[in-house]
Structure formats: structure tokens, C-alpha cells
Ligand SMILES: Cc1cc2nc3c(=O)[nH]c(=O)nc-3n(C[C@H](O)[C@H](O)[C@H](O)COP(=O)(O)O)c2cc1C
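Take a look at this single chain in C-alpha cells; it is the form predicted alone.
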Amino acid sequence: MSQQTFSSDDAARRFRNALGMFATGITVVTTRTPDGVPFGLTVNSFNSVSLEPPLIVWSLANDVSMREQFEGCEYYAINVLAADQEALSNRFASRVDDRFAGLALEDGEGGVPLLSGCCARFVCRNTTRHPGGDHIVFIGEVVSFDREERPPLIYHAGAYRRLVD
């Protein structure tokens, strides 16, 4: 293995590929507009921060059109997708107008939309935001959560994966 530097034109792509070697789960982050319309997007930059108080972290690119809605919302939900929810991940990563069409939703605190069939769901108070290069970093205070014993959807090296026993 050779050390890579940021001195060439393809440095960003090589850096992204190296980051892709870290397997992550897939989440859909959801909230509502002030007038009650649900919206959300697929995110794999999610992690725990603290157990006491219960805090999570995720990030969003600065150029995403939904950035202002997420910055301004009071609550959002992190829906951790199960292995059989690849199509849901793709739907929320696409440019489809109504990503929620035909989905059965539950409401969490503040009316935040919760997706069905997930491994875990965390409803968070939108407490802290920090600039982070070309992203904004959100730290949320978990106000409620639930989980199901289901295998998670995994992303690694640019492709969806599944856990194997």
C-alpha cells in the first residue's frame, strides 16, 4: 500500500474511493416543511456521538437543495434501512418529486415522518450545526428511538452489501 497525496487532479476521486472502503449503514433522514409536507433524503454519514446525553451526528453537502429545510426544522428522524430496503434508499437518493408517494408513515415527535420496516429509527431534536468544509454537520439530541431485529442495508466500495453470518 502506498501513501496518497492531494497533489494531483484526481485527488478528490481517490480520496472518495479510499473513504468508500469504510462500510456504512444506509439511512433516510426525514422531516417536514413548516407547512407539513414530508421530505427526506438518503444519507450514509451517520454515527453515534454520546450515550449521555444521547447524541447522533450526520452531515449534508452544502449544495443539497434541502439544506435550508434541515437547518431550520425542529425535529428530524434517522431511519436506518434494512437489507430489503435498497429500493427505498434509491428512491430517496433520486430526484423523484414525491419520494413519499405510496409509503405508509408513522409520525414521531413534532410530526416527523417515520418509515416502516427499518432496523432502527431515531427521532432527534435539531440542536447543533457546524460548518464542515463542503458539508454541514448536524448533531442531534435523540428524543425517542425504536428498533427491529432485522439485518441492515450496508454500503461499501460504491455498492450495496448485505451482512453474512
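As the structure is a computational prediction, the values presented were derived from the model and not from experiment. In this text, residue numbers run from 1 along the sequence as written.
This protein has a second form, the form predicted in complex with the named molecule, left out of what is shown; the following refers to that one.
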| item | value |
| --- | --- |
| Residues Thr31, Tyr75 and His130 all lining the named molecule in the predicted complex, heavy atom within 4.5 Å | no |
| Candidate stretches 94-102, 122-130, 109-117, 48-56, one within 4.5 Å of the named molecule in the predicted complex by heavy atom | 94-102 |
| Partner contact for Ile139 in the predicted complex: the named molecule, 4.5 angstroms, heavy atom | no |
| Any non-hydrogen atom of Gln69 within 4.5 angstroms of the named molecule in the predicted complex | no |
| The named molecule contact at Phe145 in the predicted complex, heavy atom, 4.5 Å | no |
| Touches the named molecule in the predicted complex: Val64 (any heavy atom, 4.5 Å) | yes |
| Members of 36-53 lying within 4.5 angstroms of the named molecule, judged by heavy atom, in the predicted complex | Leu41, Thr42, Val43, Asn44, Ser45 |
